[in-house]
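A single chain comes next, written as structure tokens; it is the form predicted on its own.
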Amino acid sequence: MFPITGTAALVLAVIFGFAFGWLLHRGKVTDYNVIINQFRLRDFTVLKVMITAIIVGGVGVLWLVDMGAAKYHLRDANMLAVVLGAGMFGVGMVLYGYCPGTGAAAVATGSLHALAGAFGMMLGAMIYAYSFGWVTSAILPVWSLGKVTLSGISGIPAGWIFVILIVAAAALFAVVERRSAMRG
């Protein structure tokens, strides 16, 4: 059954990409107002969709690794790069009103302002590519933890980390739903 390569892998990539975009659209996170209202703490659809995706994806990865159908490919935990990248991502998302995935899905729905932002993402990617040598020498070595996992650092098995995450997500969902009910 595994690994899937060649034309079959390409076909599956298109199918899963289409399904991902369709689910983003159905989840209403391709709507500019939904994303902006997340930042305004008025609509928590984005939070719920993202946490659900993290949990489902994480459990899926754990299951695939446990079944021997996949294995972890760890990269260095370059924390300065993560902090800087997260900051730029957050500022870009607030200014653009989309993350890259929701922006691409919004373009597919015909959103012209999402299309304009997609060109900005491509420009940013080119700037990053041209500056990668400098990033590699000046940013990546700073605050680098090496190839580590949260499970490895904490000593908590990966399965239990996801159990904790699921419980925390359920509690967060309950708080968000209670707050939404009080407002509505």
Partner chain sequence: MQQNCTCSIQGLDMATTHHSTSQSGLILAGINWSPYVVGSGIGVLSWVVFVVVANPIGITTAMSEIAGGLAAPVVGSEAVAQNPYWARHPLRLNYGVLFLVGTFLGALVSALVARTWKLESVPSVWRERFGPSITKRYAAAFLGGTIAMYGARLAGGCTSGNGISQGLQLALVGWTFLVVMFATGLLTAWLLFARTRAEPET
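Model, not experiment: these values are computed from the prediction. The term rigid core refers to the most C-alpha atoms you can superpose between the two forms while keeping them within 1.5 Å. Numbering follows the first chain given and starts at 1.
The discussion below concerns the form predicted together with the partner chain, not included here.
- Using a 4.5 Å cutoff between non-hydrogen atoms, Ile153 counts as a contact of the partner chain in the predicted complex.
- Although the partner is absent here, Ile164 sits far enough away that none of its heavy atoms falls within 4.5 Å of the partner chain in the predicted complex.
- Interface membership of Pro141, defined by any non-hydrogen atom within 4.5 Å of the partner chain in the predicted complex, is ruled out.
- Among heavy atoms of Ala168, none comes within 4.5 Å of the partner chain in the predicted complex.
- Contacts with the partner chain in the predicted complex, taken as any heavy atom within 4.5 Å, map within 28-65 to Lys28, Tyr32, Asn33, Ile36, Asn37, Gln38, Phe39, Arg40, Leu41, Arg42, Asp43, Thr45, Leu47, Lys48, Val49, Met50, Thr52, Ala53, Ile54, Val56, Gly57, Gly58, Gly60, Val61, Leu64.
- The two forms, fitted on the rigid core, differ between the shown form and the other one by less than 2 Å at the CA of Ala86.
- Relative to the superposed core, Leu74 undergoes a Cα shift of 2 Å or more between the shown form and the other one.
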